[in-house]
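Just one chain is shown here, as structure tokens, and it is the form predicted alone.
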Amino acid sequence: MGAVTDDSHSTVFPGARWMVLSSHRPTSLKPGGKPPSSQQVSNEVIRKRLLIDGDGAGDDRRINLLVKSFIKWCNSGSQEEGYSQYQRMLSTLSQCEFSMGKTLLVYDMNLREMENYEKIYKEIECSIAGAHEKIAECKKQILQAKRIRKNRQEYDALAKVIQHHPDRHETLKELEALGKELEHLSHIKESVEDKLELRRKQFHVLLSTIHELQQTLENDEKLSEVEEAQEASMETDPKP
């Protein structure tokens, strides 16, 4: 779309002028149609004002000023007054176009911000999911650490109990010494038992000998008594 250039080399976009002129164009009624109510007209005016004055920077006032300048320009009597009104219209149009461009830039910036916020939101969701996974992993590590700590405490308790006892090398030496001592005592026991058996046999022989000696003495006494009795009887008997 081409641009209109005046003598001062200022560029005016015809789309903006058409927007200004068409915004104040009376609404045509269809044949047989009903005229709009006051409420509909009020809503339409509010809607147009919100569309024009989007960010509240005075665009509505500029549009009204532009319309007034356009009317003055149309009703201007002299060329100088018309040129002055024309320059004012160009200045107002430039301000409106600048405001519109700024609004478009802000709109584009808002879109980019929304995309950036969506991206940040997704990143935050991923971070939250990752944090949940890390928390679950940390819980597992904590449970494992508690188990390891419990095992270490049990190992330390067993180590303290073991420290109160001699080591294996000394224990083996003591066992070996006790084995040798037990073997020596076994030999002594066998020797004592042999001696005891020998003494028992000797005592048995001694008892047998004493018994035989006693029997012999008793027999000798009996024989002596018999002989004495015979001698006595012989002495008492007269000789023939």
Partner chain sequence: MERAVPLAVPLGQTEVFQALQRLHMTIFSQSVSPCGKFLAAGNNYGQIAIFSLSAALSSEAKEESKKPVVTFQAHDGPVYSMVSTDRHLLSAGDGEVKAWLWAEMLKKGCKELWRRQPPYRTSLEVPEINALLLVPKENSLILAGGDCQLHTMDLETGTFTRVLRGHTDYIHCLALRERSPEVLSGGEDGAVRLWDLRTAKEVQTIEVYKHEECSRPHNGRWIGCLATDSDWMVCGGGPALTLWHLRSSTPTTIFPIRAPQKHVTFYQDLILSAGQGRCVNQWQLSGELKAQVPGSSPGLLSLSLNQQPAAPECKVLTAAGNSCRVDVFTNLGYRAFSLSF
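Residue numbers count along the first chain shown, from 1. Small disclaimer: the values here were computed from a predicted structure and weren't measured.
Quick note: we don't show the form predicted in complex with the partner chain, though the next part is all about it.
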Among 71-79, 91-99, 156-164, 125-133, which stretch has residues whose heavy atoms lie within 4.5 Å of the partner chain in the model of the complex? 156-164
Exactly one residue in 150, 168, 119, 112 has a non-hydrogen atom within 4.5 Å of the partner chain in the model of the complex; which is it? 150
Applying a 4.5 Å heavy atom distance criterion, does residue 104 contact the partner chain in the model of the complex? no
So in the model of the complex, does any heavy atom of residue 140 sit within 4.5 Å of the partner chain? no
Could you pull out the residues of 107-121 that have any heavy atom within 4.5 Å of the partner chain in the model of the complex? none
